[in-house]
Structures are given as C-alpha cells and as structure tokens.
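In the form predicted on its own, a lone chain appears below as structure tokens.
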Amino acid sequence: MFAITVRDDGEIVLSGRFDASQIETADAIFERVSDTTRVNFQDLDYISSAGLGILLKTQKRLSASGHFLILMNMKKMVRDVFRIARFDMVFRIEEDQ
C-alpha cells in the first residue's frame, strides 16, 4: 500500500511502496510543487524506477527556477537504491533527523 500526504507546512510524506501502480497519484501531488520542498521518506519501504522517475521529473522542473527537492529520513534500503542509481548526486539527501 502507498500513501502520499502534504502537511500544512508543505512537506510531502511518503509511506508504503512507491511503484508503477502509484504513479498517477504521486504525479498529481508532485506536479503542484513549485518551490523547494522537503520529501519525508521515513515510512517508505520501497521505491521502484517509476517512483524515481517522478522525483527526477519534479527535480528537473524545479531546478529550472532555482528550486529543488530535499529528501529526508530514508531507510537504508531506499537510500541504497538512490546511491546505486547515482541519484544521490542529483538530489539533496539529508540524514535521519
């Protein structure tokens, strides 16, 4: 199961499994992002290449206007996916807080 919520402060919270079956739901949220935004991965257990694609698309769009995504609170397995895909070179990733 996947859930995506936007907190009052604009932080996006992901939980569950972010895979191809959730692309439309996630894309609808990330398309509305227009400023630098924090994305909390604390409860995300899995991310597929489709999920990575949504994040990359958003990052590219934001960077054109000087903004970016800040990814935070990743579990080791999810962080390893970003490292292996070399997405740790594309995104600002904060350590657990």
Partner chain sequence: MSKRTLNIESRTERLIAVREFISVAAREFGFTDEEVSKIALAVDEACTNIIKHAYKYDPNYSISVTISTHNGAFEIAIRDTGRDFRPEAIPTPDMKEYLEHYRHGGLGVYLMRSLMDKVEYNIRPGKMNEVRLTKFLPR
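Numbering follows the first chain given and starts at 1. Just so you know, these numbers come straight off a predicted model, no measurement behind them.
Same protein, other form: the form predicted together with the partner chain, not shown, and the subject of what follows.
Student: Examine Ala85 and determine whether its closest non-hydrogen atom to the partner chain in the predicted complex is within 4.5 angstroms.
Tutor: Ala85 belongs to the contact set for the partner chain.
Student: Val13: heavy atom within 4.5 Å of the partner chain in the predicted complex?
Tutor: Flag for Val13 set to no.
Student: I'd like to know if Val90 sits close to the partner chain in the predicted complex, meaning any non-hydrogen atom pair within 4.5 angstroms.
Tutor: The answer is yes: Val90 has a heavy atom within 4.5 Å of the partner chain.
Student: Under a 4.5 Å heavy atom criterion, is Arg17 part of the interface with the partner chain in the predicted complex?
Tutor: Contact with the partner chain, yes.
Student: Does the partner chain, in the predicted complex, lie within 4.5 angstroms of each residue among Ser49, Lys60 and Asp80, using heavy atoms as the measure?
Tutor: Contact check passed for all of Ser49, Lys60 and Asp80.
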